[in-house]
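Before any questions on how it binds or moves, here is one chain, the form predicted on its own, in structure tokens.
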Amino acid sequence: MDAGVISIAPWRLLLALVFTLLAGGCSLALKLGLGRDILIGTVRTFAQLFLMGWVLGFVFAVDSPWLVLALFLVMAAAAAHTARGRVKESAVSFAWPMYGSMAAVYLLITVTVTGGIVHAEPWWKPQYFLPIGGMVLGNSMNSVAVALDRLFSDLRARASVVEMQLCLGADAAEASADMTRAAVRAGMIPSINSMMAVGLVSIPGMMTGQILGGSDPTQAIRYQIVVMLMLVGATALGSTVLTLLIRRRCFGPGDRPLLR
């Protein structure tokens, strides 16, 4: 036991596999066809988390800002790749803008939180920077995927409306303004809903981890408040910047719509 934390023995960790067996049983009983995905997901969970634990131990020991930033950028690339895979659109190229905007926006958010609000010294202290950056990336990648998927689907569904407005003299930004607003709104709603339910429906992960680690609940609450507000700002800024960047790519020369 370390600082009030109850250690989980390896054999007890394996007992948690009963939950994946339960999920597999449900899939088998209802013929959902999810058994392979559950198996792969379980293996990846063990492999990826143990690998991350080893990497974090190395990064903490080296204590270099360049290594911390490099790992953050790798995490951002993985988040962008995951979000890209959830958006089924081939007519518009958006992989690199997605990665660039996510890396820049969420790096700014993470630095602001660790250096300005938490006031970690130094601001890149890996014990703070990487977990907070991971929360920003993990939550925001879902938001940007939702926002982009909504943008593409709306532009396709309302292609005739967009073309009519373009014929009447509107530019691409004006013709797609309603779809852009709807996309950003769709990306922001999940984090806003989380704010509505936090503390009533659920005890969030960071707060739970600190309490299990023996921290004062009131201090854990302060951290969780920072996290919730941080996520709302991150999803809002990330969804807005990325949607505006990608919207431009949905139109060709002369503001010709590419999605029909």
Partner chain sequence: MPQTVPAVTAHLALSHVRFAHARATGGSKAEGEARQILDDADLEVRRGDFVLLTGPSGAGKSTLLRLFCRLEEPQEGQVLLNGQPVSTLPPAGLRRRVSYLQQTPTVSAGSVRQNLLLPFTFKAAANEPKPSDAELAALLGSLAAGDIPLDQEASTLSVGQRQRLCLARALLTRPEALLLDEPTSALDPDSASAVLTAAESFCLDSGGTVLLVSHADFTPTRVSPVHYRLEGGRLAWMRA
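Numbering follows the first chain given and starts at 1. Fair warning: this is a prediction, and the values are worked out from it, not measured in the lab.
Not on display, but discussed next: the form predicted in complex with the partner chain.
Using a 4.5 angstroms cut-off on non-hydrogen atoms, would L166 count as touching the partner chain in the predicted bound form?
Close contact exists here: in the predicted bound form, L166 approaches the partner chain to within 4.5 Å, heavy atoms only.
Taking the partner chain as it sits in the predicted bound form, is E121 in contact with it (heavy atom to heavy atom, 4.5 Å or less)?
E121 lies outside the contact set for the partner chain.
Closest heavy atom of S160 to the partner chain in the predicted bound form, within 4.5 Å or not?
Output for S160 is yes: heavy atoms within 4.5 Å of the partner chain.
Does the partner chain get within 4.5 angstroms of any non-hydrogen atom of A78 in the predicted bound form?
A78: no, not in contact with the partner chain in the predicted bound form.
Note which of L108, A170, I189, L73 lies within 4.5 Å of the partner chain in the predicted bound form, where distance is taken over heavy atoms; exactly one does.
By the 4.5 Å criterion, the partner-contacting residue is A170.
Go through 171-179, 94-102, 127-135, 146-154 and give me the stretch that gets within 4.5 Å of the partner chain in the predicted bound form, heavy atoms only.
That would be stretch 171-179.
Just to make sure I understand: among 243-260, which residues lie within 4.5 Å of the partner chain in the predicted bound form, judging by heavy atoms?
In sequence order, P253, G254, D255, R256, P257, R260 come within 4.5 Å of the partner.
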